[in-house]
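First, one chain by itself in structure tokens, the form predicted alone.
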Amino acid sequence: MSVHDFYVLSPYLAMAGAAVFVILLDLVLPKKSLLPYFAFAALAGPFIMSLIQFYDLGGATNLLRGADPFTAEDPSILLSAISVDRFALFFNFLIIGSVALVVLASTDYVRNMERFQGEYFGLILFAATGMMLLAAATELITIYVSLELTTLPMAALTAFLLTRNSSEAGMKFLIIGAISSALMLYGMALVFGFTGSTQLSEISTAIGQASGDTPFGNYALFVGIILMIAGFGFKLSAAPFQMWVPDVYEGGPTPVVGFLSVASKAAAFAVVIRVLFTGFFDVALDWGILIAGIAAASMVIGNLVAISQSNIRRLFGYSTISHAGYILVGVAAGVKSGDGIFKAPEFAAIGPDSVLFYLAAYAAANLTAFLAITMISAKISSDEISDYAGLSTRNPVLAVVLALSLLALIGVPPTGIFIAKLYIFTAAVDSGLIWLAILGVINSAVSAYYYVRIIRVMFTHPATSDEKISGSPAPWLALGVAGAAMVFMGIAPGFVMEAAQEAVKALAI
């Protein structure tokens, strides 16, 4: 490997190094309460390296290409494996920001697991390393390895509480994750057998030269892509691959579930967008129909089943399934049918643009909700919605922030998801998916029922206890930052929207 290769990998090496640093520090640090702050400080490494790469990229499309002295004299061995472009860097910042908020929010939560705090933060940072690599991966083997680096730490974190529910959730996550990985690997093997390559650019070239009357142009390619989409469906928590979600959301540690719901989902959508739009765009009209169907099923199943939930974390599990459906609308809207006899697919940038903006807005809103739930559950020792009665009298600020995040998840202004849903449904209409946009609007209205039910319990039902709910400054800081980001993206969405548009340009090169 050249020096430039290490520079290209520096954000990922820095994140993995931060994980090792925290684990080793745990062995010698006598005061364990300082460990979350060291973990938070260690995030400066990957953040600074990502920031340097962002400014170094300038007008170039990829740090591994172009007039770089290192690549000119010593070609990079990473050239076919990863792409360090604005698309990957967008997700780097999103994942690092999510990790920072989760680490701060865990300050009070981890006091009950003093012996395992180093492992807890180390696993979060290792999972974040895999998520960042997923967003940059442009080769099937690299994608698979990155997925495993993400899945295995998350499975361990899900079972971290060592209770019956937590252990069951961790086992389900591990087993279903293994099944999805196997499906994906079989699909990748079939794609490799048909195209003769594992690189997305070469796969795209091979598919472009093939022709046939069957869906996707070839039966082997048809089965391979279907299996890959099924494997990705598990990671996206999209229907009909969502069976693990409610149990994992109910049994895992609350901050970990919040992290899983935003950072893991963002990384999964990043790799899906890159694979579909870079490797399989020539058959986009075929997979676009499939993605639209999955989006519709996810919205309907997630929202309808959430109505009957009495446990707030299971409710959020079904909520995240419905939001996966909304986001998949943007993926399907990234393809338009071209003019002419052959109806070649055309790239509609507004689709992926809306997906990236939605992921950022969803991260802020969902993290705000989960950070509030973490603080509340720690005091009331319950996740039943009925036990949230009278929260407005026990801590008015916490009740208002949680209520605002719930309204944001519905898509009420002035929050980021209002703009995101408007953006994503507009993309669907522009791409001819009017039926999907209408279904999305109807489902958004349905979701108002179960979100508003929580608000009604907090503000209208009498409190069952007079004990005040409080927390240390670090969780409050994380909650404040997430809440401010949620409102900021609703009032002034231009900055994030522009960043998303610049990121998506890397896919069209």
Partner chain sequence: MSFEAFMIVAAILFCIGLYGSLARRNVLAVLMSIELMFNAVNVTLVAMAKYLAPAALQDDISSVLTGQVFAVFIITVAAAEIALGLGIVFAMYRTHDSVDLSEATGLRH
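Numbering follows the first chain given and starts at 1. Computed from a prediction, not measured in an experiment: that's the story for all the values here.
Keep in mind that the form predicted together with the partner chain is not shown, yet the notes after this line are about it.
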The partner chain is absent from this chain, but in the predicted complex, do T464, G483 and A485 each have a non-hydrogen atom within 4.5 Å of it? no
Heavy atom within 4.5 Å of the partner chain in the predicted complex, from candidates V275, L174, A284, A348, belongs to L174
Per-stretch contact check against the partner chain in the predicted complex, the hit in 326 to 334, 256 to 264, 139 to 147, 88 to 96 (non-hydrogen atom, 4.5 angstroms): 139 to 147
When the contact criterion is heavy atoms within 4.5 Å, does S386 count as touching the partner chain in the predicted complex? no
Do R314 and the partner chain come within 4.5 Å of each other in the predicted complex, heavy atoms counted? yes
Is it the case that A189, even though its partner is missing from this view, gets within 4.5 Å of the partner chain in the predicted complex, heavy atoms only? yes
So in the predicted complex, does any heavy atom of S319 sit within 4.5 Å of the partner chain? no
Could you run down 150 to 182 and flag each residue that has a heavy atom within 4.5 Å of the partner chain in the predicted complex? L152, A155, A156, A159, L162, T163, R164, N165, S167, E168, A169, G170, M171, K172, L174, I175, A178, I179, S181, A182
